[in-house]
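What follows is a single chain, given as structure tokens, in the form predicted on its own.
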Amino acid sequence: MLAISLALNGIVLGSVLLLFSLGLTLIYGVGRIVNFAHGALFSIGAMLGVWLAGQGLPMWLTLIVTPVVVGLIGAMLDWAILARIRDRPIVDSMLLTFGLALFITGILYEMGGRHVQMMPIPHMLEGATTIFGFTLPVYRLFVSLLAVMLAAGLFLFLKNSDWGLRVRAANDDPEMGACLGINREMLMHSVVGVSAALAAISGVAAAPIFMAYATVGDKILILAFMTVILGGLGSLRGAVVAAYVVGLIIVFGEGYLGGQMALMLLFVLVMAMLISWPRGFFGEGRTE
């Protein structure tokens, strides 16, 4: 029974990582930006979700309002800051987004982020349900289903929309995309906005589980980078598989070996992947 419980918790963690990592993958795939500020956007989503819930906003509306607000913040940050270093070496974006993450975290500290805040689970999602003889917390099942549905919706939108066509073109061949008249700046504003929205909605969904405070996104960010590396830089399909692999490794490792050993096991896997399969699970990732 312990193994079943750990597997379920690993799927929940993988679902949170799925939404979060897809945003990181989109930004890197289109803009070649390693975004260390992504974790701070997760924290904004979690804290904003708690605040909105405290104002009496229903959960379903919180899950809509929060990603819209944070998505706009992300688009504005790209327009005001990231666009200024678009064509510089990748290390510049790493340093800039790291500083931006510290700046946002400082603001969140001043807005109450020093204290751990709890987001209550809606009454209709409380309790547990039994499926095939196994007892599952309803809210954690909801988070997993939400992540799968949103990820599937994103993939369908990328496949069937004009915006998705431009994103895929910029991801596969940026130079050719530019020759075809794709407005890279406007595309990047929208991509960063969508990525920020994904980080925010994962923060809101995870708030009743991981709580909400200024640095809650830091651990998720580390795990997300491991996810992106395992899946392959810029590979959305790889990020989906890697998110659940990382979630299961962390939860099973913590359950049987302890937290530090779980991280060590994950780092060993990442190092092996970088050495032997640098393009990720499906061989689609970039090697810069």
Partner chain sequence: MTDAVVLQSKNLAGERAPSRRPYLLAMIILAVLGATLPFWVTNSPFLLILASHAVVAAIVALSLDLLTGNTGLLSFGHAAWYGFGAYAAGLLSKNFSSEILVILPLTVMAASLTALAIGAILVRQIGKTFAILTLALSQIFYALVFVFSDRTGGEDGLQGVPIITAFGQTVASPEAWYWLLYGVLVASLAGALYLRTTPLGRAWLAIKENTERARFIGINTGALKLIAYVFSAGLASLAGALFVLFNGAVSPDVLHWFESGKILMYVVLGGVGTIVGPIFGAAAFTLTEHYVSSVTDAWLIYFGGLFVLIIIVAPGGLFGIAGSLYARLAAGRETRS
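Residue numbers count along the first chain shown, from 1. C-alpha atoms forming the largest set that superposes within 1.5 Å between two forms make up the rigid core. Predicted model, so just to flag it, every value in this text is computed and none were measured.
FYI, the form predicted in complex with the partner chain isn't displayed, but the following is about it.
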**Request:** Although the partner chain is absent from this view, report whether I107 comes within 4.5 Å of it in the predicted bound form, heavy atoms only.
**Result:** yes
**Item:** Interface membership of M261, the partner chain in the predicted bound form, 4.5 Å heavy atom rule
**Value:** yes
**Message:** Is it the case that V270, even though its partner is missing from this view, gets within 4.5 Å of the partner chain in the predicted bound form, heavy atoms only?
**Reply:** yes
**Message:** Test of understanding: in the predicted bound form, would F252 fall inside 4.5 Å of the partner chain by heavy atoms?
**Reply:** no
**Item:** Partner-proximal stretch of 190-198, 87-95, 135-143, 148-156 relative to the partner chain in the predicted bound form, 4.5 angstroms, heavy atom
**Value:** 87-95
**Item:** the partner chain in the predicted bound form reached by all of V34, G99 and D218, non-hydrogen atom within 4.5 Å
**Value:** yes
**Complete:** Answer key: of M59, L233, V245, L26, within 4.5 Å of the partner chain in the predicted bound form (heavy atoms) is L233
**Request:** Could you check which residue among M124, A128, A169, I81 gets a heavy atom within 4.5 Å of the partner chain in the predicted bound form?
**Result:** I81
**Message:** With the partner chain taken in the predicted bound form, which residues across 214-253 come within 4.5 angstroms through any non-hydrogen atom?
**Reply:** T215, D218, I222, F225, M226, I229, L233
**Request:** Please check if I11 moves between the shown form and the other one, taking a CA shift of 2 Å or more relative to the superposed core as movement.
**Result:** no
